[in-house]
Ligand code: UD1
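Okay, so here's just one chain, in structure tokens, the form predicted alone.
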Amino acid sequence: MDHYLVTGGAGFIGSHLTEELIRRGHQVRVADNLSTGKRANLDHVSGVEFLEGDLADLDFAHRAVRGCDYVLHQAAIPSVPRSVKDPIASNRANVDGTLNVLIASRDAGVKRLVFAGSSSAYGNTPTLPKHEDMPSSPLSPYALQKVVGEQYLQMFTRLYGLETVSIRYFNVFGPRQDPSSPYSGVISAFASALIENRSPRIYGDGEQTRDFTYVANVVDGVLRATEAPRASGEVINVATGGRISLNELFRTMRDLVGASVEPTYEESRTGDVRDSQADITKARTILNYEPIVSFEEGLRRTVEWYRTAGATASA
């Protein structure tokens, strides 16, 4: 039985990772400062050791990592708009916290650290789909901080022999994503509004496209990355390889919910990327990864969860 640390494990993606690790019979410790995560996200998962604290504090990072075989580093302030508004706070969480977790993992002799990267690293480069050999072109402090995190991981692998993998996420969605936050994912915001027959907001003209990825696919990719023999030192996209516009997404979800409203269009947000689609060839080759839940099925599951859990359910 392996012992895993999930940083940010009370958050949206982190709680799904924790749930699956427990289901597989592993020991799991969660470290979270609860700035965006919620303890309620883990209420249904038994046997989790929970440490509340800030990973930007090196002593806490050492305490969190001690005794763990693998570290799944999900802790972050995962918001482009929030990083534009307050780059210092997001840098502390996303860069300082990551460096501390790397140092603690190196010192503790961790077998491998897997990092939550972001497709925002690609910026607005016109090439689609986005592949890992493309140069990074971050448009926001958040995107830059994720690129810095990836580079720190690769440096620690080269300098200290700590095995690391960066998984670039593409617009992850699913149950427990918080629709009440102004920085929430668009699918959770759409679901919350449409179930109440309210008009959701779309920033820009709605023709921007995204590779929306159901959370179970990300969990599968991350856990594959903990053990894949050739993954250490790599940056790997984990997504579906497709894309859909926000206008098309809205129409699909409106039909699924049975709402009768139209969206409200607002000015584009600074730092937002126009189009995003993943090339998942590398994930297929190195991780033997294939999406296990389709976009359509993931959307159905997500809408059903918001119907039953309530539009203001915890993230």
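We number the residues from 1 along the sequence you see. All values derive from a computational prediction rather than experimental measurement.
Beyond what is shown, the protein has a form predicted together with the ligand; the following relates to that form.
A residue is said to contact a partner when one of its heavy atoms sits within 4.5 Å of a partner heavy atom; G97 fails this definition for the ligand in the predicted complex, lying far away. Contact check for R210: a non-hydrogen atom falls within 4.5 Å of the ligand in the predicted complex. Contact between V45 and the ligand in the predicted complex is not found at the 4.5 Å heavy atom cutoff. In the predicted complex, the ligand lies farther than 4.5 Å from every heavy atom of Q154.
Residue heavy atoms within 4.5 Å of the ligand in the predicted complex occur in exactly one stretch of 268-276, 49-57, 23-31, 285-293, and that stretch is 268-276. Checking H131, R201, R106, R92 for any heavy atom within 4.5 Å of the ligand in the predicted complex turns up a single hit: R201. Taking A189, L144, A231, V218 one by one, only a single residue has any non-hydrogen atom within 4.5 Å of the ligand in the predicted complex, and it is A189. Candidate site formed by L17, T164 and I236: none of these residues places a non-hydrogen atom within 4.5 angstroms of the ligand in the predicted complex.
For the stretch 225-263, the set of residues having any non-hydrogen atom within 4.5 angstroms of the ligand in the predicted complex comprises only L246.
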